[in-house]
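In the block that follows, a single chain appears as structure tokens, in the form predicted alone.
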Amino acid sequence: MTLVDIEANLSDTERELRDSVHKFASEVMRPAGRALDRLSDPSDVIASGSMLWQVFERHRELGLDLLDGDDLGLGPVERARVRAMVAEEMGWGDAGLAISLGVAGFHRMFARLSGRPALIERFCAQDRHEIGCWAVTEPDHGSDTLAVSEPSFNDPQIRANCVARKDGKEWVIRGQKAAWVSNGTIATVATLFCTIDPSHGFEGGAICLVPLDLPGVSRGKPLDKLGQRALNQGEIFFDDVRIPEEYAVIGAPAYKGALEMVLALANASMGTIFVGLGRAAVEHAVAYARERVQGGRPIIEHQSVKARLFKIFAQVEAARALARRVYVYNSTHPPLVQYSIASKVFCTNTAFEAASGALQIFGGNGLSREYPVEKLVRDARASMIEDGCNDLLSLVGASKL
């Protein structure tokens, strides 16, 4: 059983792209996600010969790593809608892998925003198969690094764990990013959010593009987690790492505004990805309810099961409508961060409720790793903390009302 996409007026190109990604999600992402989830040692997830690298390779072969560019031959709205549908389908396939593949191209956006031809050539050339990461979270600081609305954001008494200082025509980076950096131990380039003016707290920040093969860069071990185990996360250490001054693409005066923009785009993507997970939960629950017999008939014929199924179906469809609308608007207009936060918070909460509701329909079988729903519950639960925990994000969003 597959939930119908009721988006009106899709072009043939949009449908073809959506269906192609759905096939990739079904045939590549889901099997890999299940296999990687079962590995007890997270180091095995990123080992040579791991299925993870087959996913990345197939993603590149299909050209999905280049959808952040403008070469689709579509108008702005259609292009944004395609990206939203792609993120949703990939979340349907495997949410952890969807995040990993999505953040892998994060650095290219900032290279393009810089407008500097040398940076665009260095980081955006199609023959460069680099893996990016968003290095923002720190050992002593998590969601507070994103809390642009809170007094702590510009408090000079709060010290960052990763700072950069100017030395001639170079920036020198020292410090650490925490174990929650997505793609942290496999990335070849970091989009690094660090502090350059501690007198303004986190507001005195900068965004730098940092190749991770430079002297002074080292990594921690991959993080062992409850959910999204296919998503590699780990620490990055910077011991007087030097980058050219032009690799700092955003400076302190523009840092807060740039961070809001990133938060708006990232949260919009999270909303669409976890709509996909919610869809998967509903589809698994309906399929199981049609097969499972209790009281002499399939449980989908019992009114209580019907009611529970329809509740999570309606919740996911409401989340899908919000996520897609926000994604398209914020991709084609100056982004409104409160709407992206609403999408992320509502859709991740919905994904968790849908996965939990699906597990309840599976009953005791839902607790078994033989069935897919317990993984969905674990993956969805992680989403309510990552990319800014939902509680703190809600405060940032409320400050815009």
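Don't overthink the numbering: it's just position in the shown sequence, from 1. No experiment lies behind these values; they were computed from the predicted model shown.
The form predicted together with a small molecule is left out here; the points below concern that form.
Heavy atoms within 4.5 Å of the small molecule in the predicted complex map, among the stretches 310 to 318, 133 to 141, 208 to 216, 283 to 291, onto 133 to 141 alone. At least one heavy atom of Leu395 is located within 4.5 Å of the small molecule in the predicted complex. For Glu386, a non-hydrogen atom is located within 4.5 Å of the small molecule in the predicted complex, even though that partner is not displayed. In the predicted complex, the small molecule sits within 4.5 Å of a heavy atom of Ala382.
At least one heavy atom of Gln228 is located within 4.5 Å of the small molecule in the predicted complex. A heavy atom within 4.5 Å of the small molecule in the predicted complex is found for one listed residue only; from Ala190, Ala164, Ala248, Val181, this is Val181. Taking a 4.5 Å heavy atom cutoff to the small molecule in the predicted complex, the contact residue among Thr195, Ser100, Gln233, Ser269 is Gln233.
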